[in-house]
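Take a look at this one chain, the form predicted on its own, written out in structure tokens.
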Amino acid sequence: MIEITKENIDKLFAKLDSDTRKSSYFLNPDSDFTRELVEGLIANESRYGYQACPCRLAAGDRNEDIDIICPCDYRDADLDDFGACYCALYVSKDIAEGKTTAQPLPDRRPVKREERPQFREKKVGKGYSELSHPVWRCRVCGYLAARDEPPGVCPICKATKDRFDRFM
């Protein structure tokens, strides 16, 4: 069980900040707001054993909640469409640089359990499961991303979106 202490909040905040600086992601620049979200992640990890999104109601069962464990399955699509993830922990470069602000956005997590990624029926064909998303390959470093659109920036080599090809 992880205690909610200033030290633990600072430690997780520093880890998330470091991780995002090494990738193409950005944390919300409102430090007080971001620390409240980090506190929620710690509370959920203490409560459930995993860091469920602090802005969603978790079931307390890892398999039920796997799609909302931070970073959630919906983060990248939310960033692409709205410039922030559902809870606004992760934001676009424009928001991180103060050029714009995060706005409330709809929760794209399906209400129906069977429509959530972990419960969708996988169809099998040609000896492998059909993928739920296309796979994009970075031409520079080979990084693979399974999502509807290629990432804006490769998290490995920082190549831009136009350097990705549809792989599968």
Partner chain sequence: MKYEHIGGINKGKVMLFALSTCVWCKRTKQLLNTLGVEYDYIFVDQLQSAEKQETMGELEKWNPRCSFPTLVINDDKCIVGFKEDEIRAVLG
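Since this is a predicted model, take the numbers as computed values, not measurements. Numbering follows the first chain given and starts at 1.
Same protein, other form: the form predicted in complex with the partner chain, not shown, and the subject of what follows.
- Site annotation in the predicted bound form: the residue of 140, 66, 43, 131 reaching within 4.5 Å of the partner chain with a heavy atom is 43.
- Annotation: in the predicted bound form, residues 1, 12 and 50 none come within 4.5 Å of the partner chain through any heavy atom.
- Residue contact with the partner chain in the predicted bound form: residue 27 places no heavy atom within 4.5 Å of it.
- Mapping the unseen interface onto this chain, residue 33 counts among the residues with a heavy atom inside 4.5 Å of the partner chain in the predicted bound form.
- Remark: residue 86 counts among the residues lining the partner chain in the predicted bound form, judged by a heavy atom distance of 4.5 Å or less.
- The partner chain in the predicted bound form is approached by residue 37, whose closest heavy atom lies within 4.5 angstroms of it.
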